[in-house]
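Just the one chain here, the form predicted on its own, laid out as C-alpha cells.
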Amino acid sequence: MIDGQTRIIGIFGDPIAHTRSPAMHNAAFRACNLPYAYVPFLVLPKELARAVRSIRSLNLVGVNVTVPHKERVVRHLDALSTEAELCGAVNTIVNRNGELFGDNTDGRGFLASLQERGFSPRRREVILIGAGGSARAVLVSLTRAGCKQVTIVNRTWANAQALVRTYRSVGKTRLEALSLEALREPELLGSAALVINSTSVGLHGESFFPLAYEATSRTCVFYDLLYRPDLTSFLKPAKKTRRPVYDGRGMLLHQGALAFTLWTNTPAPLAAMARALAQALRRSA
C-alpha cells in the first residue's frame, strides 16, 4: 500500500522501459514488510546532474543506475566505495542523510552468482570478452577474488590493453590483452576454467564471434552477462558441446540483493526476488 509512510527507491536509465528491477525489488519489499516502493525513472543524459540532485530534494532512499549513466554519475556523488572507485562506475546510490554514496554491486553480484553454482575463480584462468563498463566491474572482482590469470579479449586491442594497464596492480592476477582472433586458437581456450561474454553481441540474436569451444575442458564454464528467454548465440555452442552455461540472470539477482541491503540494512529475501525476476522474464518472453 502506498501511503504517507512510503519511501521511494528508483532506477535511472535511458532507455528504462525494459528493466526487470522493479518487479524484483518490490517483491522483496513486500516479503520483508518494508514501506518502500521501487519505480523506474527515464533520465536523459543531459538531465543526469539534475536527476541526481533530486535524490536529495525528494528525499529518495536511493537509486540504481544503469546505462548510459554508470560512469557519468560518479562526478555528481559525495563519496564512493572502494569498488566503485576501482571500476570508475556506480550502479547503486544510497542517500545517507543528504550525502550521496555510490557503490558498484555488479562485480560482487557476479561472484555471488558463481558461488551459488559452486564455482570459485580463485587460482583459475579466465577469458573475459569485452572491455566496457561491465568488463571492468567483473575484472575488479576477479582480481580481488584471487584469480590466477585473466585474458581480456576485445575487438579493439588498445581498449583491452588499457584495462591491463589500469588494473594490473589491483592484485596478483596476471592480465593479458588479445584481439578477437585469439578466440579461434585452441591453446588459449585449453587452460580456461571460465569464459565470460561482457559484450552486447547476441542480445538481439546476432551471431557470436568464432570461438574454439571444443578446445576447452569439459568443466569450463561459459558465462554470458546478457540474458534472453532462450540461450544467447554465445551460450548455444557451449551447451551443444556439453559445457556448463550460465546467463546474466544470476548476476542481476545478486547485484540487486546487495543493493537492497545497502538501502534497507536488511538481508535480501533472495527466494522472493528470484521468483519475481523469473515471472517478469517469462512475461517479457
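Just count from 1 along the sequence shown to find any residue number. All values derive from a computational prediction rather than experimental measurement.
The discussion below concerns the form predicted together with a small molecule, not included here.
Engineer: Every residue in G130, T199 and L226 with a non-hydrogen atom within 4.5 Å of the small molecule in the predicted complex?
Structural biologist: Every listed residue reaches the small molecule in the predicted complex, so yes.
Engineer: Residues in which of 80 to 88, 115 to 123, 169 to 177, 155 to 163 have heavy atoms within 4.5 Å of the small molecule in the predicted complex?
Structural biologist: Correct option: 155 to 163.
Engineer: Heavy atom within 4.5 Å of the small molecule in the predicted complex: which of L235, A259, V221, L252?
Structural biologist: Here the answer is residue option L252.
Engineer: I need to confirm a contact call. Of T92, T143, S134, T151, which residue comes within 4.5 Å of the small molecule in the predicted complex, counting heavy atoms only?
Structural biologist: Looking at T92, T143, S134, T151 one by one, just S134 meets the 4.5 Å heavy-atom criterion.
Engineer: Considering non-hydrogen atoms and a 4.5 Å limit, does the small molecule approach P40 in the predicted complex?
Structural biologist: Looking in the predicted complex, residue contacts with the small molecule do not include P40, since no heavy atom lies within 4.5 Å.
Engineer: Considering non-hydrogen atoms and a 4.5 Å limit, does the small molecule approach L203 in the predicted complex?
Structural biologist: Within the cut-off, so yes.
Engineer: So in the predicted complex, does any heavy atom of G248 sit within 4.5 Å of the small molecule?
Structural biologist: Taking the distances in the predicted complex, the answer for G248 is yes, it comes within 4.5 Å of the small molecule.
Engineer: I'd like to know whether F101 contacts the small molecule in the predicted complex, with contact meaning heavy atoms within 4.5 angstroms.
Structural biologist: F101: no contact with the small molecule in the predicted complex.
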